[in-house]
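In the form predicted alone, a lone chain appears below as structure tokens.
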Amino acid sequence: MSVFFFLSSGLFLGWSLGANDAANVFGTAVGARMIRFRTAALICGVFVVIGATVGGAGAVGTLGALGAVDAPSSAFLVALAAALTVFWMSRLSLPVSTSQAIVGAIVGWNVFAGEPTDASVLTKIVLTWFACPLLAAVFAVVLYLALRTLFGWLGLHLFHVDLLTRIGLVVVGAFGAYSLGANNIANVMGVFVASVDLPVRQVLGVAVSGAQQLFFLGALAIAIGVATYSRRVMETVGSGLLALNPQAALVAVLANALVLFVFASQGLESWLVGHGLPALPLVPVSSTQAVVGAVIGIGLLRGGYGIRYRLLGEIALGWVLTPVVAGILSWGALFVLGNLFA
């Protein structure tokens, strides 16, 4: 029973991720009024669970190398600090990064415990915070031009364009939710993998490892967060930052999904290395940063008109504050409880 008490902060973090980061998978589609919120929440929840359970192991190792949170009580406080940070930002309707929150919380643990923070791992993670929105913007520009050219070449009737766009939003949204689960479950349960040892269980004749059980529980929490508290952040990203037409919304969702996938796929990494090509690091990245980068890429392609730069500045400020606040909360909680209970 004590194990589930310690896991409760990770589940709270998963719920917060669902309320904030995971909403961005369908935010642009909902903002463009192409998909209803309930439909988006259902599809997102199902495929987040599948992605986390099947492909969630890729990015966990990077967080483990950043700091060895080796006790369930410490993991509980680290995840709680990250969750409170994301929840507070969600209350402000700001789409922030759960990846940044958990990284800041782990660094706070390292400072408290007197453990060194691996500078090379931290540098690699921080560089992805810049690479993620830039790569999403590049993907969005290329995809937007390609889609506009394709629709123009096919000469489709507006009705058929609308139908294909709606189908495309559902398909790429499901892909995005799968990629989100595979990539971001490391944020939710990564700190517990080393400290919570669950026995292997047989489910329908398939052996399910302890880590996969943790991923499944975390993914359920994400799905509940999407269903119960993500609407406001969806509207901020979907229509608050830049008004998107349905085709632009489709492009933003696909660009977001591709970025999450390339930073989470062990299979893609092996294929690239096997062919002598450079591979992107397996790092939990932010779906918020990816979708904002995609939306800004589309906006700049249109000449920069219509982008709400003040809101963009507020979002950027949230990205700067998130790891700092999470680190301070993590260190403070550990300091207080460490002195109270030795």
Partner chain sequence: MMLFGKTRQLEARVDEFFDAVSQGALIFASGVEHFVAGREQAFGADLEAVHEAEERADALRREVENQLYSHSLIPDQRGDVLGLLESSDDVIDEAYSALAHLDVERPRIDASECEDFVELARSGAASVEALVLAARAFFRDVAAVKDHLHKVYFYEKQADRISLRLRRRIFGSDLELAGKLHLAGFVERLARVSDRAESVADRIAIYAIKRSV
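Numbering follows the first chain given and starts at 1. This one's a predicted model, so the numbers in the text were calculated from it and none came from an experiment.
One more form of this protein, predicted together with the partner chain, exists but is not displayed; see below.
Residue in contact with the partner chain in the predicted complex (any heavy atom within 4.5 Å), chosen from 124, 160, 91, 201: 160.
Shown alone here, residue 144 lies within 4.5 Å of the partner chain in the predicted complex, counting heavy atoms only. In the predicted complex, none of the heavy atoms of residue 270 sits within 4.5 Å of a heavy atom of the partner chain. Although the partner is absent here, residue 211 is not a contact residue: none of its heavy atoms lies within 4.5 angstroms of the partner chain in the predicted complex. Although the partner is absent from this view, residue 114 stays clear of the partner chain in the predicted complex, with no non-hydrogen atom inside 4.5 angstroms. With the partner omitted here, the stretch from 144-152, 131-139, 81-89, 100-108 that lies within 4.5 Å of the partner chain by heavy atoms in the predicted complex is 144-152. Contacts between 166-188 and the partner chain, taken as any heavy atom within 4.5 Å in the predicted complex, involve 166, 167.
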